[in-house]
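In the block that follows, a single chain appears as C-alpha cells, in the form predicted on its own.
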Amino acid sequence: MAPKKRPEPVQVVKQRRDEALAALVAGVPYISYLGVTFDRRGDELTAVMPFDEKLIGNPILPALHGGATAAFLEVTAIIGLSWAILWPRIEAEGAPDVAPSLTRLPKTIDFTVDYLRSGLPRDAYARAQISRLGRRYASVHVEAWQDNRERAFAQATGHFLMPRNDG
C-alpha cells in the first residue's frame, strides 16, 4: 500500500489563491483606476471601493457618481463570476499556475443597475451572487452597501457570455 500523500502546507495554498486573484484583477485595468480591491475569505469575495474625491458625481450632496457605482457593481460581478470558475482549478491538489488562463473574462450581455439611495462619500462594499452558471451563459446579482450590509445603496443584475474553455 502506497503511503498517503501529505496535504500541501496552508501557506502554499494561500499563496496560490492570492496570486490567482491578483492575476484576475490585473486583467481589468479599470479596477485599479477605481481603487477597487477584493477581500478574500475562502471562496467568498467582497469588493471594496475606498472613497476617493474623483468618485464624487454631485459635489453639492456629495454623492458617488452613478457611473462609478455601476462600474463597481459590474467589475464585482465579472471578478466574482471568474473566481467561481477558477476556484475548483485553484483548489486542485498540486494545481498548476492558473495565471496564464486568466486572459479571457466573461463578456457583459446586459447589466441593469438599481440605484436605491445616494452613495455617500465613504468606502463601499459589494458581493456578487451567481444565479446561474452554465457553459455559455451566466446570470449574476450584485449588491453594494456602505455602513450596513442590510442597507444596500445599489444593486444590479447582469447576464454574461462565458469564455470558451480551451484548456
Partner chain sequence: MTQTPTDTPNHRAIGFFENLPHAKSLGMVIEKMVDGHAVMHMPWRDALVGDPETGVIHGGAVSALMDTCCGAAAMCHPGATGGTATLGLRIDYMRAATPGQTIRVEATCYHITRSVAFVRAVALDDDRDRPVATATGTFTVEGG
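No experiment lies behind these values; they were computed from the predicted model shown. Residue numbers count along the first chain shown, from 1.
The same protein also exists as the form predicted together with its partner chain; that form is not shown, yet it is the one meant from here on.
Review point. For this chain shown on its own, do Lys54, Leu105 and Phe111 all sit within 4.5 Å of its partner chain in the model of the complex, going by heavy atoms?
Key: Yes, the whole trio is in contact, each within 4.5 Å by some heavy atom.
Exercise for review: Sort through Leu45, Ala68, Val36, Ala138 and report the residue having a heavy atom within 4.5 Å of its partner chain in the model of the complex.
Suggested key: Among Leu45, Ala68, Val36, Ala138, a heavy atom within 4.5 Å of its partner chain in the model of the complex occurs only for Ala68.
**Study point:** Stretch in contact in the model of the complex with its partner chain, which is absent here, among 112 to 120, 138 to 146, 125 to 133, 37 to 45 (heavy atoms within 4.5 Å)
**Key:** Single hit among the candidates: 112 to 120.
Review point. Does its partner chain come within 4.5 Å of any heavy atom of Pro50 in the model of the complex?
Key: So Pro50 does not count as contacting its partner chain.
**Study point:** Val75: touches its partner chain in the model of the complex, heavy atom cutoff 4.5 angstroms
**Key:** Heavy-atom contact with its partner chain at 4.5 Å: present for Val75.
Practice item. Scan 17 to 40 and write down, in order along the chain, each residue with a heavy atom lying within 4.5 Å of its partner chain in the model of the complex. Key: Heavy-atom contacts within 4.5 Å come from Gly27, Val28, Pro29, Tyr30, Tyr33, Leu34.
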